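In the block that follows, a single chain appears as structure tokens, in the form predicted alone.
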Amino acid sequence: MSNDQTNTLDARLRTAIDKSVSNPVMFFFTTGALWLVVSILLGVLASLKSHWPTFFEAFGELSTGRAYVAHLNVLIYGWCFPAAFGAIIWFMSRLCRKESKHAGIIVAAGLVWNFGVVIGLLGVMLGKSTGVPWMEFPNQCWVIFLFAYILIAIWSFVQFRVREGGHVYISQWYILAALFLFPWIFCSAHIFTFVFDGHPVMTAAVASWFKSSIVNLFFIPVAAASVYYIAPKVTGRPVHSYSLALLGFWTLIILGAWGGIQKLTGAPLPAFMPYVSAAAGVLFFIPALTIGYNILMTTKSHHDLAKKSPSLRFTVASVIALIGMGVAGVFLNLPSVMRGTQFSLSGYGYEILALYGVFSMSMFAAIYYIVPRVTKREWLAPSFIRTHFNLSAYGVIAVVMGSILGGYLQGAAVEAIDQPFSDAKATAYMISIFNSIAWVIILISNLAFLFHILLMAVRLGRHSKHATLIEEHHGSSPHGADGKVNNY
């Protein structure tokens, strides 16, 4: 068979795959974008009320505590997980070279998941929160989420099992690891928190472990899968180093489950636990730097391409944030720093760096790459994309830097026993004002994103010969386990 015939057949197969998963992918991306705006609105509200307590004071459901809890949980379960599911579905279908035969099951799972988010949000706003960080939704929600996840995971594993060819690509490693590890993390945390009647200190330890593990072993792997797919596809170059890809993967998997408990330094726990977690937090720099360096070297000499390709632009921003996350992990887990930042806003800044700076930016990259392919339309307004990127980047930098550095100053003021506590209070006040402005900037950026993706969802994008803002390179993509190159 000639190369032209092979390319034609490949193009037809890609088109068939995209069509088969179009509905579930667009459902997850569109509902996720909507929940992201809701989350940021709640974040703006929580930040405003922290320095302007009389704002909306007549509405008890919108108190600072409830708005803050709803903000983080809707960000995680309303935006992060659906965005991850949409990306996983498309990447697995493309890399397995198989059409989806049961896309309706995934849409049903998406409806169930979103029902759980609605129930959870209402529960938090009505004062039914469990009070356990990142698990504040009412207990009924966890059964709903687990049921929806099982449907998505089974579909993904079946898709992988019936793949054509025997190649397992870098992106698939990370996706399979995330899918396999999530039930262990999720079920362990909820069983030891809500089923077994344990000591409150151990509940706090489990909750801290859950927060760290769900980031390191689900969100970061899905982000890595995205950047390892998109960077080579857009640049037309294979991944810089296969050995570095292996190193980054295994160090992340080995270290990912050991963090989190350093937040409880000084609590009545076995002394080794917080310090082992702190060491794992410092060593997280290894996979972060490895993945970031590998992708940046892959995109080397293609800086001009980032101006044309929104996917590459968001990908580069994501890996830079990942390296920043590794640096922040080293800084925040130093014993001298950890003592001062333990009860400050620094932890919030680190969480937003992980959830928005690393994960969300990688998902934006995936969405800008995937949506034109499944809708057969071009993005309507490149100016919306530039607005989304610029304001998101500036906003998240402001929130992260303001919270981490401001939290460090706040902690230092608290530790200074010879100084009045009002100094620490004044520092926190300035941080909250700074964060309010930053969240408003991020809100504007994601309103543009939501409007743009809704237009694509109803097929109002532009017709184009190519599925992206630039022509796709079909000949290069991530190296597989056998060193070959993926055309999908």
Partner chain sequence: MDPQRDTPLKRFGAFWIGLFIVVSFGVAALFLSPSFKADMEDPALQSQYEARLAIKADVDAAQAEQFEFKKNGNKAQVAPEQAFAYTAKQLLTAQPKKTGTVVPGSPTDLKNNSGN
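Positions refer to the first chain, counted from 1. Since the structure is predicted, the reported quantities are computational estimates derived from the model, not experimental observations.
Omitted from view is the form predicted together with its partner chain, to which the following refers.
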> Quick one: is Arg163 in contact with its partner chain in the model of the complex, heavy atoms, 4.5 Å cut-off?
Replying inline: yes
> If you check in the model of the complex, is Ile191 within 4.5 Å of its partner chain, heavy atoms only?
Replying inline: yes
>> in the model of the complex, does Phe384 come within 4.5 Å of its partner chain, counting heavy atoms only?
In response: no
>> I'd like to check something about Phe196: if you look in the model of the complex, is any of its heavy atoms closer than or equal to 4.5 Å to a heavy atom of its partner chain?
In response: yes
> Only one of 389-397, 259-267, 180-188, 216-224 gets a heavy atom within 4.5 Å of its partner chain in the model of the complex; which is it?
Replying inline: 180-188
>> in the model of the complex, does every one of Ile150, Phe157 and Met202 come within 4.5 Å of its partner chain, counting any heavy atom?
In response: yes
> Just one of Lys98, Arg377, His167, His302 has a heavy atom within 4.5 angstroms of its partner chain in the model of the complex, so which one?
Replying inline: Lys98
